[in-house]
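One chain comes next, on its own, written out as structure tokens in the form predicted on its own.
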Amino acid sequence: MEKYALGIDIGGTTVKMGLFSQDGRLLDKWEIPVRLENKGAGILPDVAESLLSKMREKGIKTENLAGIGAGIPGAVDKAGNLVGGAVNLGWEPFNIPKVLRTYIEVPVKAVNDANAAAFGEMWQGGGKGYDNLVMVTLGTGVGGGIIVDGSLLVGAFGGGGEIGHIHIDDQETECCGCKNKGCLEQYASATGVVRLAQQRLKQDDAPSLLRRGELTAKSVFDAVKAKDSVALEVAERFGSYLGKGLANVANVVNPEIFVIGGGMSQAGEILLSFVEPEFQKYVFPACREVVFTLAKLGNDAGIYGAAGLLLNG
């Protein structure tokens, strides 16, 4: 009997959903808006209604469904408990599978969204063929997912893989979103790169393309491609921070491959050219033989990983 899996990726504005065959083919994908009112009380009912509607459309019965995998923007432990809540959704801690199963009585597996993306890239993306992988997502923040011998490193309380909050700079005076200071996320995220660029532009009046138009991570790397000297300085500083941070990660988990995703990865291979040399400066020799590559699944990594964990996790 043909089995299907549903993968969902809950974000701050939309829920992405995918219908997958048992062998990992994406058969259909769609999304619905996230309703944040009443502390996000309507999110899971909306998800369930949309999934049931798709099942009716495709003629899929409950007994044909292997289950639902869910990527959640927060720390999720092995039992599917949301630890500490999900601030951007308004959610307090609760058990995600238990609640979702009240709407659809099938197996449910819930994981952190960055962990889901990491598994997706290992299963069907840039990390396919590797069992020891670190996924790094460079977006508004820095997310991470660590896979060791084919299994996600979740940690005792769902906090495994939070590489964006590795402490990297003792001199930092501003707080990270986590309330600590000097986190990798403050320098290697898209907002962190903008912050580095603003700091550099204030140092002097050196001419730069970055003084024109809106300052974004994309505009910084576009200027890098144009050989802008100020942008190159910013990129080198970004690379120093991220390279050192990933060397610290490698020294602990010794991955075969780093898969770089998130919005900033759209800059392409040039981004890696600033990270790899700095990584090699700091990494332990036995951990040096690691591949750097760009993610391949884009915004679909989360739904792939959520479904893949359900089917293979």
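Source: prediction; values computed, not measured. Numbering starts at 1 and follows the sequence shown.
Although not depicted, the form predicted together with another copy of the chain is the subject of the following passage.
- The three residues Ile168, Val249 and Glu289 all sit with a heavy atom within 4.5 Å of another copy of the chain in the model of the complex.
- Scanning Asn180, Asn88, Gln199, Ser229 against another copy of the chain in the model of the complex with a 4.5 Å heavy atom cut-off leaves one residue, Asn180.
- Checking Gly239, Gly155, Pro73, Pro97 for any heavy atom within 4.5 Å of another copy of the chain in the model of the complex turns up a single hit: Gly155.
- The chain is drawn here without another copy of the chain; in the model of the complex, the stretch among 216 to 224, 97 to 105, 186 to 194, 74 to 82 whose residues come within 4.5 Å of it by any heavy atom is 74 to 82.
- Another copy of the chain in the model of the complex comes within 4.5 Å of no heavy atom belonging to Asp46.
- None of the heavy atoms of Lys54 is located within 4.5 Å of another copy of the chain in the model of the complex.
- When contacts are judged by a 4.5 Å heavy atom cut-off, Gly139 does not count as touching another copy of the chain in the model of the complex.
- By the criterion of a heavy atom within 4.5 Å, Asp149 is counted among the residues contacting another copy of the chain in the model of the complex.
- Residues Val252, Val253, Asn254, Pro255, Glu256 are the ones in 252 to 273 with at least one heavy atom within 4.5 Å of another copy of the chain in the model of the complex, listed in sequence order.
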